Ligand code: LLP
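The form predicted on its own is given below as one chain in structure tokens.
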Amino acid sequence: MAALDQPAYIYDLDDIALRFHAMNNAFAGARHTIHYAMKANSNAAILRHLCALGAGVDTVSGGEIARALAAGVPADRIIFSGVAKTHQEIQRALTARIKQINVESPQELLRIADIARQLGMVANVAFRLNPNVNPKTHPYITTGFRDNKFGMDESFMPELSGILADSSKFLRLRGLTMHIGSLLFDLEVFREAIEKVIAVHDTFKAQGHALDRLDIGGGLGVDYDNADTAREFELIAEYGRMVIQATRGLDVELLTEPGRVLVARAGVLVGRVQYIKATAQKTFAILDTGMHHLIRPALYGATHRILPLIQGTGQQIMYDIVGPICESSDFLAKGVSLPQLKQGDCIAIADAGAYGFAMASQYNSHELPAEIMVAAGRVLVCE
């Protein structure tokens, strides 16, 4: 395949559909909408695929909104999150008539009200709460703890209520939202956060706001160290049951924002060995792909399984899998035992469907990798 003359991400659309259906089934019986967190992977073919299955999207920039609309996602299935929304981004979101804007601060709410006033529109908003729970994950992907920049605690509520009162002709509070972090497995932390958000929901309801949505965010994890995915599907089912039980009695549409759990397992990054270099300390397999295409190992110390696309010889050698970038942090794995490799061999980096291409760069003026879609064993799209 010509595309594999260069590094390439390969995505299995069937796997994405399987996980979407699992999440949808987990919330069966509840009024709900799945809004895919497209920051995980904003490939247009994946967006079209999920949209056809009935998903909406959660966006965090004006660029993502434009990309979602171009992929055919209806505006009324688009949520706009993010902590630093510009005047232009808010104006475009309102003009497009998206589903709601998730508000991160009183100043942002004032800006939304001012722009809605200028446009002669009513803005549908939800307040993002910071429930101050410890999600027990990597500190770089914690978003609902007191030290994080995201969301607002209860001390902001009087000011927010005042802004709503002053701009009642241009703002409509539709609900509350939360997102406490990524790579989460402890459902009790989710439950604690939801209960705190519901308490604030009840306060706003008592003030006369007709809240009809509750956005519980995303963050369910995948086990990058393990190829067995059965536990992840069990976790999805348990998650849905927990949320339905925790929100019983609320007359709201439940919004969820899964990202990683839908697409991480569906993608691999394939590169080719350029050189094998053995020193007195280590043996390096030097690839044509690296941190510029998959930054998670360098940024988070993340683990990805390494799959040599060769027939094993029986002899195992310990390798550091590194890339072409002029940085010592340019590695994909360290100290992995693999069959003996040679120049020209292909290697797949597993579970790279989330936060892979979406965070890729052209550092050192390298080209971006190709993206290839497969379904039912056939190549559908090659970009």
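Quick note: we count residues from 1 along the sequence shown, nothing fancier. Since we're looking at a predicted model, the values are computed, not measured.
Note that the form predicted together with this ligand isn't included here; everything after this is about it.
Only one listed stretch (49-57, 62-70, 353-361, 332-340) carries heavy atoms within 4.5 Å of this ligand in the predicted bound form, and that stretch is 353-361. For the candidate set Arg128, His292, Lys85, Arg174, a heavy atom within 4.5 Å of this ligand in the predicted bound form is found for exactly one residue, namely Arg128.
Ala37 is the sole member of Ile349, Ala37, Ala26, Ile34 with a non-hydrogen atom lying within 4.5 angstroms of this ligand in the predicted bound form. The closest heavy atom approach of Tyr300 to this ligand in the predicted bound form falls within 4.5 Å.
Although the partner is absent here, Val200 sits far enough away that none of its heavy atoms falls within 4.5 Å of this ligand in the predicted bound form. With a 4.5 Å cutoff on heavy atoms, Gln100 does not count as touching this ligand in the predicted bound form; it lies far away. Contact annotation for Leu220: at least one heavy atom lies within 4.5 Å of this ligand in the predicted bound form. Within 4.5 angstroms of this ligand in the predicted bound form, the stretch 77-98 places a non-hydrogen atom from Ser81 alone.
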